[in-house]
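In the block that follows, a single chain appears as structure tokens, in the form predicted alone.
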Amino acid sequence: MTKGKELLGVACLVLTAVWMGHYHGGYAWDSSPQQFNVHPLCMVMGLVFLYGDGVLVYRVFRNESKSSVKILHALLHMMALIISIVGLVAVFDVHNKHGFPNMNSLHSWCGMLTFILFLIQWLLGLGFFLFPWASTMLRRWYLPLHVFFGLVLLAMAVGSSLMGIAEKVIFSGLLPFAPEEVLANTLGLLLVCFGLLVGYVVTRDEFRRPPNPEEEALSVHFNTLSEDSRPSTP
């Protein structure tokens, strides 16, 4: 199941790269229209592919140490964040250079909202789980919200990507069933399948991390010490 997710993710990246590279002149970083092509590639790579990988690390590495998986989870999302920032800088720079308005479409509004919420989610995750400052009770309260909003953000990222694909196809003035339009629509369908597959794996009990008695014992001991020798509630 997870291998299928990876194949879908790679297919999305390849189609995005081919679409921008073959049909729109390739890539550059000189404020030209080719610099705009960096934007969709980075956003699909960052907020969809790498973000989806980060969401699934606890399912893929179910038998690895929890601390190692936690660090990998944070690093994948940090990579997604950096690549997304590059994609945003690329499009804003091109718009400003050529006098195009910024933030004037539903795609841009949803995309920016997704990015901002993703940044907040990442920072909260660092504060609550990787470098925990919050109490055990507060972390247990926030964990279901963290998981829920993780899936919501993936859905928002896929939805924003679909809006961007539709805008690009419309603005390109393509004829019905032109090869570029077929490629773009195929990319959209693959992005939807990728998001659905990630959501399915995350929400199925058979993919959950099995209980580790040793880790649970250490966690209870730490919680007892950090809660003034009062055991935490299950």
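Remember, predicted model here, so these are calculated numbers, not experimental data. Residues carry their position along the shown sequence, with the first being 1.
Unshown form predicted in complex with another copy of the chain; subsequent notes refer to it.
- By the 4.5 Å heavy atom rule, the three marked residues Leu162, Phe171 and Leu196 all count as contacting another copy of the chain in the model of the complex.
- Proximity of Tyr200 to another copy of the chain in the model of the complex: non-hydrogen atoms within 4.5 Å are present.
- In the model of the complex, no heavy atom of Met137 sits within 4.5 Å of another copy of the chain.
- Residue contact check for Val55: none of its heavy atoms lie within 4.5 Å of another copy of the chain in the model of the complex.
- Taking the partner from elsewhere, Phe92 is found to have every heavy atom lying beyond 4.5 Å of another copy of the chain in the model of the complex.
- Note that among 71-79, 84-92, 110-118, 123-131, the stretch whose heavy atoms approach another copy of the chain to within 4.5 Å in the model of the complex is 110-118.
- Residues of 128-151 that come within 4.5 Å of another copy of the chain in the model of the complex, judged by any heavy atom, are Pro144, Leu145, Phe148, Phe149 in sequence order.
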